[in-house]
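In the form predicted on its own, a lone chain appears below as structure tokens.
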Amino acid sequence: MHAEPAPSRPPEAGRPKITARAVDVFYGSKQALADINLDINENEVTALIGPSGCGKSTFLRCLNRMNETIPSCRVTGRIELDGIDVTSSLDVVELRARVGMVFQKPNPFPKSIYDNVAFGPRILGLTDDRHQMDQVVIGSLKRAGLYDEVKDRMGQPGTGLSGGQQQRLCIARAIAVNPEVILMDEPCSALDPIATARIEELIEELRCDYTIVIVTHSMQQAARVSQRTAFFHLGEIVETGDTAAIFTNPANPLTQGYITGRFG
């Protein structure tokens, strides 16, 4: 039994933004997650890693109640955002405004680039006039590193962009409502290496202002972009901690086996 690796940064560097305690998830009679306990620190990137089907994306969807769209799904336990229970004390619309999501496959709406980014602020009534909306759209596209590439074609369909540009458009759409947390479910799995590198750079820039949780199958990506890592296996968290420690000195033999490629 290995000792718990010492953190490489002082614990006060990150305060928990989201806490999950004793979270279980069931799809009908099948249990997908068991007794998940995890702190997600503010202004850090937390990577969720593990083999396919181990529960990473299921847990991610618990954080903004996306699982509620699945009729057979039942979630128990407690998940708090800034100390507030997201299931009993937050309206789901407010929750999803505070906790945005970027999916595995870029999914721009069949609207113009401008209207893709403006969609959330319009629905939530965040702006009063066209000038304000212009500022929100331009600012969000700039934050997503896309504005210079699309500023002359804002009225053209977002679906006409390249895959990497579409994913950055989806990130701009997510941040346009000024969320506090961004969930990313394998955001680079459909992208080429150049587009992936751009998204990874963007994640590093965004964590200054947002708390980010990323599901990834790429351990190299997790090592590059995250400060903390949680390793999932068969619906449970096997180990969580500082990313450098997880990858260089894992405390659990299962973690060691996964990161060295013995299974997964």
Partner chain sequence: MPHIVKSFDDELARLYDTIVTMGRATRTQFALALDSLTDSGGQTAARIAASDVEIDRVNEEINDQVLRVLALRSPMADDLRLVVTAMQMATGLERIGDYSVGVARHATALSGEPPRSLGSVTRMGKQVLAMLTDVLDAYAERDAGKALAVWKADRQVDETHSSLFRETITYMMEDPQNIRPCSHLMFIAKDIERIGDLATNIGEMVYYLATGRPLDEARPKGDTSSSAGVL
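Note that the coordinates shown come from a computational prediction; the quantities given were computed from them, not determined experimentally. Positions refer to the first chain, counted from 1.
Unshown form predicted together with its partner chain; subsequent notes refer to it.
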item: Stretch from 35-43, 191-199, 55-63, 217-225 whose residues place a heavy atom within 4.5 Å of its partner chain in the predicted complex; value: 217-225
item: Heavy atom of each of Phe247, Pro250 and Gln256 within 4.5 Å of its partner chain in the predicted complex; value: yes
item: Residues within 4.5 Å of its partner chain in the predicted complex, restricted to 62-90 and counted by heavy atom; value: none
